[in-house]
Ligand code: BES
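Take a look at this one chain, the form predicted on its own, written out in structure tokens.
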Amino acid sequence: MEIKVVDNASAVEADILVVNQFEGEKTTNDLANKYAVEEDNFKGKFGETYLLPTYGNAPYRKVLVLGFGKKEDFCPNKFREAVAKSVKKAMQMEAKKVAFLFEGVDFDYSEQFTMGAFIADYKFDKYKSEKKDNHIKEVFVQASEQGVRKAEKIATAMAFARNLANEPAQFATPAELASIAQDLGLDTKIYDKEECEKMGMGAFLAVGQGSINEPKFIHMKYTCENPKKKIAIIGKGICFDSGGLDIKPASSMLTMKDDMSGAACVLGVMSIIREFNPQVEVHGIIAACENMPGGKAYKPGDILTAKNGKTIEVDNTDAEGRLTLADALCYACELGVDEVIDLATLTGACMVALGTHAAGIMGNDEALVHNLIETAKQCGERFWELPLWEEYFDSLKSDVADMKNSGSRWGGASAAGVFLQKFVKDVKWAHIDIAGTAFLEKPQKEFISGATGAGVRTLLNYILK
């Protein structure tokens, strides 16, 4: 899809001209007003559409009226969702050239228009023997060129992350993630098993020891002259999570290829960051491995030693993500960065609490957490702050080690956050639990089922701020 910024979208020779209608108002298109509004009483309720031909009386062959709903309820998020609906409708009709003319919108919609169009245009059909090419080739819109181009890059990074998280585990192995990272053209170091052992990453290595695919610790770095800030972003990289010896039920394993969605997000961000040239040093870190029940798998009751020397009693091998993140957090805190942000499909408890509409966030610095929440809100994601009280650690206390890796089922998302905090030292830190938002089992708003690229928009916009 190519988005072209024009001065007059209604003058473009297109298959479809999309115009908007707020409830109780008319459009700026005479044909739409005559047939849709006046004759057929089209109300313009949010997300509804009305299609009519122009019979050669306009440069465009058809007009698609797109309902925006009540004007007082309209916002950038609804705008993006509505645009996505119209793009999907145009794709169903196999339109190749579509123009958009919006009136009465009282905010700069350039970025949200672009995001909505590209999200709707996405599909993962790599493994289909027959592929249907119903993508729109050209889109014309009256918008800000700068806003469109910025969002275009972010949308590309989102698609990159979505493709990775949608890949089966047979493809997206730790070695493959390492290879992808090396191909991004950044300063990249890949640590193998032996090197991780020398660094004392006993928690991370324990998780991966049951798989025939060896773990890889990935460190990518983008830098510039005199960076204003140094940030480390960490993505949980469990390429497949069987649960280990505390094995998951078969139905719960079906989507566990998505347990590296945090890693996919970090790779997506790092794939495009040079094109933005931000005056910020960014470290992308992934502890990539598979959690499998092999003959060498780690066992309940094992005691692991993390990179910072803290010991962990394995209460449940299916609480593995926090173990890999523990060593990654230790590593990141040694880089001299100002902030560390980790993203992880970490707990089912977060998904129970927030569903698929919001990610949980917590951290040791209120300004950082609230800045991320506000950034997410502005670019179309939702983060909800969860408590990080020390009392949650009570269920993680161990008789034989410094802590257990899991405990009570109550307050599980916060307990996991308190666990991670034990491996954060002398740095501002935020933890984002994307368990509910990273992968959808059915379509939701502008997204089809599958990977969503959760976190990419927020992290890139945060870095650019």
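Residue indices: 1-based, along the sequence shown. From a predicted model like this one, the values you see are computed outputs, not experimental measurements.
Note that the form predicted together with the ligand isn't included here; everything after this is about it.
Asker: So which of 178 to 186, 158 to 166, 332 to 340, 349 to 357 is the stretch with heavy atoms within 4.5 Å of the ligand in the predicted complex?
Answerer: Looking at the partner contacts, the answer comes out as 349 to 357.
Asker: Is it the case that M256, S406 and A435 all touch the ligand in the predicted complex, with a non-hydrogen atom of each within 4.5 angstroms?
Answerer: Looking in the predicted complex, the three residues M256, S406 and A435 all sit within 4.5 Å of the ligand (heavy atoms).
Asker: My question is simply whether E214 lines the interface with the ligand in the predicted complex - judged by any non-hydrogen atom within 4.5 Å.
Answerer: No, E214 stays farther than 4.5 Å from the ligand in the predicted complex.
Asker: With the partner left out here, check for me: in the predicted complex, does some heavy atom of A319 sit within 4.5 Å of the ligand?
Answerer: Yes - in the predicted complex, heavy atoms of A319 and the ligand come within 4.5 Å of each other.
Asker: Is the gap between E290 and the ligand in the predicted complex 4.5 Å or less for some heavy atom pair?
Answerer: E290: no, not in contact with the ligand in the predicted complex.
Asker: Does any part of K97 reach within 4.5 Å of the ligand in the predicted complex? Heavy atoms only, please.
Answerer: K97: no, not in contact with the ligand in the predicted complex.
Asker: Heavy atom within 4.5 Å of the ligand in the predicted complex: which of K85, K248, K150, K310?
Answerer: After the contact test, the surviving option is K248.
Asker: Output the sequence-ordered list of residues from 232 to 254 with at least one heavy atom within 4.5 Å of the ligand in the predicted complex.
Answerer: The stretch 232 to 254, when checked against the ligand in the predicted complex, contributes K236, D241, K248 at the 4.5 Å heavy-atom cut-off.
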